[in-house]
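Quick heads-up: it's one chain on its own, the form predicted alone, in structure tokens.
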């Protein structure tokens, strides 16, 4: 559906995006994720036609649109600022792109009414934007972007202007609408949780380049770079020695404990190499008595955060953080001697 090849953008001597290539399949939901300045919004704006690429090509539905103006790309756009017409009702905002495409009045009525029902705003159809909540405005903007059956929907941080509770509720809503309509969707966000929850695949960007592309589970549990590991949530970095290598896994020695670990993404390890393993806090198991495969550690700090308790530990020279259900952490105390082991991440799914 969407094919971007060797896309680059330069602003004077500054390179905002360099050699960016990505294919997005029919009905797929893909998210560009990265910190401010990583180039993700620049990529989206070039795909939308709002910025001219310095190099590269953009194809939408097999058509080369690299040089086409935005109005000829036939794509839906939703911005974080809503961008609704303040003098129009919700109904008229949604109808606007159909009117300029000269749809017949009856077809417009049916399409707008069905979209208002889809986004749960039939009862707010005759309200102007200043009478709608932030969440209702963004639902209206989404319905307007979908009105003319675009082959591609672009979302530029669509939930970032909303408060946390509304944003959480709209995540599920947004994914449900995307699944219902089947529209191919490319979203930009800096919110890691949002990207992992909504996406079929995540594209992690840094300094104008792609760090990793993969399913949310692979991005989270099998980061291909140190940047991805530390950018996506919290992570423990463990120094280990490779003892044996097979086609899809390695045996590593971490503080005298042998563990089978999935073969790292885009890396080649050999026996004898000193390597860094990345383990998420919820993958650390803590026990009061030693079991096979565990090493001794000491609790240095406990931090209660509601459902989870963050347990800070020292194992030899290594600082480790474990996340444990608070309901099961009552036995832990500062300074306690405990035993820990790591749950290896699952092997990568085929992409």
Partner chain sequence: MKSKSMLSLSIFIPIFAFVALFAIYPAIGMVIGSFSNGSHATLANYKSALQGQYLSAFATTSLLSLEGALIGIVGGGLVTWALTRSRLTWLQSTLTAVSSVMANFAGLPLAVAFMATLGTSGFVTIVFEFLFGKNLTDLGFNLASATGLMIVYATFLVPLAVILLLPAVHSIRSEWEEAVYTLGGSIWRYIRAVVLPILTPSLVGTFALLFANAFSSYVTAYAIAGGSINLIPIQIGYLIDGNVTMNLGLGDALAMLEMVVLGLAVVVFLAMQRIAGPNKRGGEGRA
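Definition used throughout: the rigid core is the maximal C-alpha set that superposes within 1.5 Å between two forms. Numbering follows the first chain given and starts at 1. Fair warning: this is a prediction, and the values are worked out from it, not measured in the lab.
Absent from the display: the form predicted together with its partner chain. The rest refers to it.
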Taking 82, 99 and 148 as a possible spot, do all three reach its partner chain in the model of the complex with a heavy atom inside 4.5 Å? yes
Just to confirm the contact call: exactly one of 116 to 124, 213 to 221, 88 to 96, 178 to 186 touches its partner chain in the model of the complex at a 4.5 Å heavy atom cutoff, so which is it? 88 to 96
In the model of the complex, the one of 270, 274, 71, 247 near its partner chain [non-hydrogen atom within 4.5 angstroms]: 71
May I ask you to choose, among 61, 302, 295, 50, the residue with a heavy atom within 4.5 Å of its partner chain in the model of the complex? 50
Give a yes or no for residue 77: in the model of the complex, does one of its heavy atoms lie within 4.5 Å of a heavy atom belonging to its partner chain? yes
Any of the heavy atoms of residue 106 lying within 4.5 Å of its partner chain in the model of the complex? no
With a cut-off of 4.5 Å between heavy atoms, is residue 161 one of the residues that contacts its partner chain in the model of the complex? yes
So, in the model of the complex, is residue 144 in contact with its partner chain at a 4.5 angstroms heavy atom limit? yes
So, does residue 127 move by 2 Å or more at the CA between this form and the one not shown, with the core held fixed? yes
